[in-house]
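So this first bit is one chain, no partners, the form predicted alone, shown in structure tokens.
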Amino acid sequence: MGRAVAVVGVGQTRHGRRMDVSYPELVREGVMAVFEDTGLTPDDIDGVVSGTMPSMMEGVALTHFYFADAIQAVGKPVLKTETCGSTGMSIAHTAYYWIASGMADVILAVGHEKMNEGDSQATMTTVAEPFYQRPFISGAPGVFSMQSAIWKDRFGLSDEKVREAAAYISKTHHDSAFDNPYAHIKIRTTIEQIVNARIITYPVRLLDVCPNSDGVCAVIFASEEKARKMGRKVAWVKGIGYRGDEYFFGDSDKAEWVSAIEAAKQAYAQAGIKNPRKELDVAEVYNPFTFQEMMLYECFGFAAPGEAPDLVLKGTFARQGELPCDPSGGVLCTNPIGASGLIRVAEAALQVTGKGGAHQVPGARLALAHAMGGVAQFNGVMILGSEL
């Protein structure tokens, strides 16, 4: 794995419909938050990794140049990393490799999105290959509705049980968002309201779907030497994994999602994890859709194939359960896409350093962070721990 690397500080903006600031101002807000958290200054940074959903999302090309001042990157090397929904995790991996390789000691990673200044659904509907996929994919909800149906049918799961478990997940996360000061959607809802919400793309209903969010997450990664000199609690990167599927949606198995399974296996092998449900203390699973979250539990070894709905309904993955998942409310409640995967890393780091605030999982020492992206192709995982 090269040199040891740690997350030494995190910063987030308040996420939501941030029409009170311009895009560069929003980015600066997130970057200044991580410098305030760490006590570091731009002079301490060796380089910057920046990224967003593909630039057409807000109609701004070459965002790493547009935000050079806001990300404190003037005069420093900058890497731009963009892989659609998994951008935030790709940014984290890029920062990790930059330090683990010995090419840098301190790297600032910044994920950002201002979705309310563009048309995200139009972008995601038209980004697919135009002759075969675009006519039936219907953007992200269409892709992941098909995936949830494939998974449900593969394992013979009843519509009623899966619907009940999805509603449980939705209510749990929307309740958790109230304890997260940065979360976008904070609504009190009932199981009945979730089950009867209007259909987006069957079986996905309104409260099964993530929002359009404006927001920024900034994370500073450092080498072991630099991290120890800071004299503070840090989150050590214990393992990473990243995999991709074929481009065309129908060319790979999306029920037993190979890229998710293999990404997790790679990260577990590096971290020495044999039984993830028992050994992990918390997981931040990228969950823009409730149905997909259950399927990912199975891909990550939290549940056997087809078992996730039963375990969800038993409370296994609730905040007080055996393996709390998304105590922050997750992507379901906050989704500035270019930042969403990096927020998972930031939240995992907060948990293992005991800085999770009102949504802290007591005694958390080992955490999984995940993001998925592309046209349902990419999955990335990072394992963070309180000890090296």
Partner chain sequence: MAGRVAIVEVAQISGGDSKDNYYDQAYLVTKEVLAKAGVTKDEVGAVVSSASDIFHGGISCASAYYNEAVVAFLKNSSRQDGESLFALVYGVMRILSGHYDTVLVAGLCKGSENPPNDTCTGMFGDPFYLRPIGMNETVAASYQMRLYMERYGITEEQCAKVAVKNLHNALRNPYAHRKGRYTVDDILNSGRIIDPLTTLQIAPKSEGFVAMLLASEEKAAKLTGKPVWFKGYGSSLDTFHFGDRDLLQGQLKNAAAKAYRMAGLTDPRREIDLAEISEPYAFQELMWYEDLGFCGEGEGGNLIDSGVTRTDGELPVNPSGGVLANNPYVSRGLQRAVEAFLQIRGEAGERQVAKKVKTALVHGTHGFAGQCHAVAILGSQE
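None of these values were measured; they are calculated from a predicted model. Positions refer to the first chain, counted from 1.
Keep in mind that the form predicted in complex with the partner chain is missing from the display, and what follows is about it.
Residues placing heavy atoms within 4.5 Å of the partner chain in the predicted complex fall in a single listed stretch, namely 75-83, out of 290-298, 273-281, 174-182, 75-83. In the predicted complex, no residue of the candidate spot (236, 319 and 386) has a heavy atom lying within 4.5 Å of the partner chain.
Only one of the listed residues (196, 126, 158, 190) places a non-hydrogen atom within 4.5 angstroms of the partner chain in the predicted complex, and that residue is 126. Interface residue remark: residue 54 is counted as part of the site for the partner chain in the predicted complex, having a heavy atom within 4.5 Å. Residue contact with the partner chain in the predicted complex: residue 211 places no heavy atom within 4.5 Å of it. The partner chain in the predicted complex comes within 4.5 Å of no heavy atom belonging to residue 268. Residue 163 falls outside the set of residues with a heavy atom inside 4.5 Å of the partner chain in the predicted complex. Along 77-116, these residues reach a heavy atom to within 4.5 Å of the partner chain in the predicted complex: 77, 78, 79, 80, 81, 82, 83, 84, 90, 93, 94, 96, 97, 98, 100, 101, 102, 103.
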